[in-house]
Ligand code: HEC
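The chain below stands alone and is given as structure tokens, in the form predicted alone.
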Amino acid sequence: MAENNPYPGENNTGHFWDDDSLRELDNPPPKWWMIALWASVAWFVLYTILYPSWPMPWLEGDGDKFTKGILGWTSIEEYKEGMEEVKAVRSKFDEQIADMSPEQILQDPGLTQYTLASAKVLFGDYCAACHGSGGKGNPGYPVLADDDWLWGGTLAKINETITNGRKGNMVAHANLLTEQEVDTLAKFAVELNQGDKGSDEAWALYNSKGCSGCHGPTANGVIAELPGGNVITVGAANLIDRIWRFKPGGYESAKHTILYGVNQDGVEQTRNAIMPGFAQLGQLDGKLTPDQIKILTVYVHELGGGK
């Protein structure tokens, strides 16, 4: 092919295509490209000398089998240094929070913003598995992002809930009520949930069977209201707020709860509604410090517009 080269004197390889309009040249790379190439090779060699690089699986022992580099750098050490920097920045805020109550924190916009931001990690680690991301509530667990509170939504009540946990309790009425009474009360719960006032007959049965002792005289889950927004409650559901504690709600769901109760020992179909106390758990189970509970209290309070 070289003998028939139509471009004699040109630095080509003798390979031509498309009626000789395309040809392969044999020019050297640009000087800048060669400089960059050898500079990258030099940098690679220098890097492997300075930093951990080459695997050495033939070495004996169970330790790290690679070259360590003359600088002694490790990703773990860099991580630790970064964490110390973060702690130094956060310490001034954490020291203030340690000496303040949740009420005082909410009066300081800057500390409130810091508390809400730092609490997201705690909430994700300890609360989101049940209450969902952002408190939206996973199936079978209370929503924290609304203003409906079983045990009260004040800062004091929320702190008490996180600290000591909660265990709902409702007697199973399968052996205490007639089929007709269960039917009447289940329909009554649905009517109240839908905004209906309920019949006089249903209210009479509600009061005579002791339902008001837990769900309150107006069926809003509050036994008595105290000054300052505090309430006396035993964690019974609010029947007039259009929210169902146990999904999917409706007549059958209400009937099931009436028949089998909540957290009843020995009752196979009873509802389960238990929250652990995070100050009572062991260290491996997720025990929280008082300051962590305080931070979560503020976070949960603000999620649901606590009152």
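These numbers come from a predicted model, not from an experiment. In case it trips you up, residue 1 is the first one in the sequence shown, and so on.
FYI, the form predicted together with heme C (HEC) isn't displayed, but the following is about it.
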Which of 234 to 242, 47 to 55, 30 to 38, 62 to 70 lies within 4.5 Å of heme C (HEC) in the predicted bound form, heavy atoms considered? The stretch 234 to 242
If the criterion is a non-hydrogen atom within 4.5 angstroms, does every one of I97, P109 and L155 touch heme C (HEC) in the predicted bound form? no
Looking at the partner-bound form in the predicted bound form, is M170 within 4.5 Å of heme C (HEC) by any heavy atom? yes
Can you work out whether F93 and heme C (HEC) are in contact in the predicted bound form, taking contact to mean some heavy atom pair no more than 4.5 Å apart? no
Practice item. Classify D196 as contacting or not contacting heme C (HEC) in the predicted bound form by the rule of any non-hydrogen atom within 4.5 angstroms, answering yes or no. Key: no
| message | in the predicted bound form, does F278 come within 4.5 Å of heme C (HEC), counting heavy atoms only? | response | yes
Checked 253 to 279 against heme C (HEC) in the predicted bound form; residues with a heavy atom within 4.5 Å, sequence order, are A254, T257, I258, V262, A273, I274, M275, P276, F278
